[in-house]
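Next up is one chain by itself, shown in structure tokens, the form predicted on its own.
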Amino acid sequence: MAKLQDKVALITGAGSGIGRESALRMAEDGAAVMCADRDFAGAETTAGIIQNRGGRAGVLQVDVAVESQVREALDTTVSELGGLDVIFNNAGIGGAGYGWEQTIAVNLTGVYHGLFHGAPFLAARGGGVIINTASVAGLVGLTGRVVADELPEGAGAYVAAKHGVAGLTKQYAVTFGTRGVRVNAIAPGYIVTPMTDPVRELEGGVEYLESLHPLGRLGQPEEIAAAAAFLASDDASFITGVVLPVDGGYTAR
């Protein structure tokens, strides 16, 4: 069903994983999609799939940690695709191996850039929707084999950044609600994407991660994409300020 017909969406991190599947899903639901990613080749591949399926898509190389690139992406989306109705601040990196500053710069400041410039941009155009990718790590702490006994710098940064995304989501929902901008976040559990490869590749890693979810399995990126498409649509017209767990019951424990 074309629930996003005639809408235009800008999706960061669209070159792989959740971002790619969300771009494909929103295009399937009728939206034109600007595929933005630091990995230009990945974003180009995503846009190519959409175009081959008969949809409209553009490509941008965007590092969300660079404020000017995020701001310019808004104008470019409008000039190339004719509008902007949905912003999905999805780009992110895993905490391990990146350290505090880089993890915060991408996972928190990058989302802030999308909100700070995106919310007034949409409001000035009559309203729209912003979706942020948070995490179960934005609702609870991580435990067990996912982190070491002495918390690595990057893991702590990831949890801090995702909690920050949850807070920003609520604040921007309150601030821009009367201006026609809905702001929500999705908190995925462990999803089968390149980001979870390091843990899934450990001996027994998949089984361990599955055990953390009451449904007994990992999530698929298509399942997060379905939630994003729902939040972007008018079916969610009275939903704002929500951090929606799509986590197989992870945070219900």
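Keep in mind it's a predicted model, so treat the numbers as computed, not measured. Counting begins at 1, following the sequence as shown.
Below: the form predicted in complex with a small molecule, not depicted.
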(request) Assess the spot marked by His113, Gly128 and Thr240: is the small molecule within 4.5 Å of a heavy atom from every one of these residues in the predicted complex? (result) no
(request) Spell out, yes or no, whether the shortest heavy atom distance between Asn184 and the small molecule in the predicted complex is within 4.5 Å. (result) no
(request) Verify the contact flag for Ala134: yes if a non-hydrogen atom of it lies within 4.5 Å of a non-hydrogen atom of the small molecule in the predicted complex, no if not. (result) yes
(message) Test of understanding: in the predicted complex, would Pro245 fall inside 4.5 Å of the small molecule by heavy atoms?
(response) no
(request) Please check if Ile93 has a heavy atom lying within 4.5 Å of any heavy atom of the small molecule in the predicted complex. (result) yes
(message) Between Glu67, Glu223, Glu210, Asp39, only one gets a heavy atom within 4.5 angstroms of the small molecule in the predicted complex; which residue is that?
(response) Asp39
(message) Which residue, Val59, Ile50, Ile191, Ala227, is the contact with the small molecule in the predicted complex, using a 4.5 Å heavy atom cutoff?
(response) Ile191
